[in-house]
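A lone chain, given as C-alpha cells: the form predicted alone.
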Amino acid sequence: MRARTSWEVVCTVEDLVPESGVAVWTEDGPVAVFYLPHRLPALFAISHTDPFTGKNVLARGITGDLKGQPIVASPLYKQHFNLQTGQCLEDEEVTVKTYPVLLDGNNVRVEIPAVNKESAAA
C-alpha cells in the first residue's frame, strides 16, 4: 500500500529567485525550494534544516554544480548537499530529505506525506 501524500502550494513563480533558494513552511516542516533555471529539471526541494547544526538555513546556501550534480553548500559549515538525492558530499552517512516539486501554472507545489489526523491527535 502506497503512503498517502498531498501536493501543497508553497509559493508562486514570482517568489523564486534564480540560482537560489527560498524557505517555505509545509505540514512536514520547513522546506527549501531551489530554482536553477539553466537545468532540467529547474526546481528542487530539500529539507531546510542543516543536519549538522539543526538550524533552518539551507535555503540561504550557495548553489552550484559539482561533477554535473546540482548542489547547495550550507551557509554554516559549508557541507555540500546534492539537490537531487539529499546526500551530503562530505559525509556519506548524512542526507537531507528531498521532496518532489513541480510547477502548476503560477504555483510551486511540493509533495509531502499526508498527516494522519487521528494518529497526530493521539
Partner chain sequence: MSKKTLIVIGNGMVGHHFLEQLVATPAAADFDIKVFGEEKLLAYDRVHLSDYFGGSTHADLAMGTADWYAENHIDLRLGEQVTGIDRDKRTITTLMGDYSYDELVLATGSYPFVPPIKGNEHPHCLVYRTLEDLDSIRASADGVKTGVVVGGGLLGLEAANALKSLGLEAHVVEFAPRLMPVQLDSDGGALLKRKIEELGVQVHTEKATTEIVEGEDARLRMNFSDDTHLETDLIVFSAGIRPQDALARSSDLAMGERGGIVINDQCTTSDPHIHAIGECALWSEKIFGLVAPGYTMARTLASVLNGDTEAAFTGADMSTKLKLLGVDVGSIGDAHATTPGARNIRFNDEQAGHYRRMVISEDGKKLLGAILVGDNSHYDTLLQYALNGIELPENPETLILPESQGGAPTLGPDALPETASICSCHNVSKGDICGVIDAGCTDLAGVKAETKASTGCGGCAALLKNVVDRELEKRGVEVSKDLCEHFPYSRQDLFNIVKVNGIRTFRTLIREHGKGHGCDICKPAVASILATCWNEHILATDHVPLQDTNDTFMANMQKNGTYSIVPRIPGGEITPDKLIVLGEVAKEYNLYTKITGGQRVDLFGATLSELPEIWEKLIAAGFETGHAYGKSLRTVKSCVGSTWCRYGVQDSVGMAITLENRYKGLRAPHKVKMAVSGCTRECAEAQSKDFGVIATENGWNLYVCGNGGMRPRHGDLFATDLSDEELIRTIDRVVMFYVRTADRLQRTSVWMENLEGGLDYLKQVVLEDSLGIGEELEQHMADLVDTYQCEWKTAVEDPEKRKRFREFVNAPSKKDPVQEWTTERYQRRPLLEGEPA
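Positions refer to the first chain, counted from 1. This one's a predicted model, so the numbers in the text were calculated from it and none came from an experiment.
The discussion below concerns the form predicted together with the partner chain, not included here.
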Is residue 95 part of the interface with the partner chain in the predicted complex - any heavy atom within 4.5 Å?
no
Against the partner chain in the predicted complex, would residue 24 count as a contact residue? Criterion: heavy atoms within 4.5 Å.
yes
Residue 86 versus the partner chain, in the predicted complex: is there a non-hydrogen atom within 4.5 Å?
no
Residue-level question: is residue 18 within 4.5 Å of the partner chain in the predicted complex, judged on heavy atoms?
yes
Judged by heavy atom distances of 4.5 Å or less, which residues of 38-57 approach the partner chain in the predicted complex?
38, 39, 48, 54, 55, 56, 57
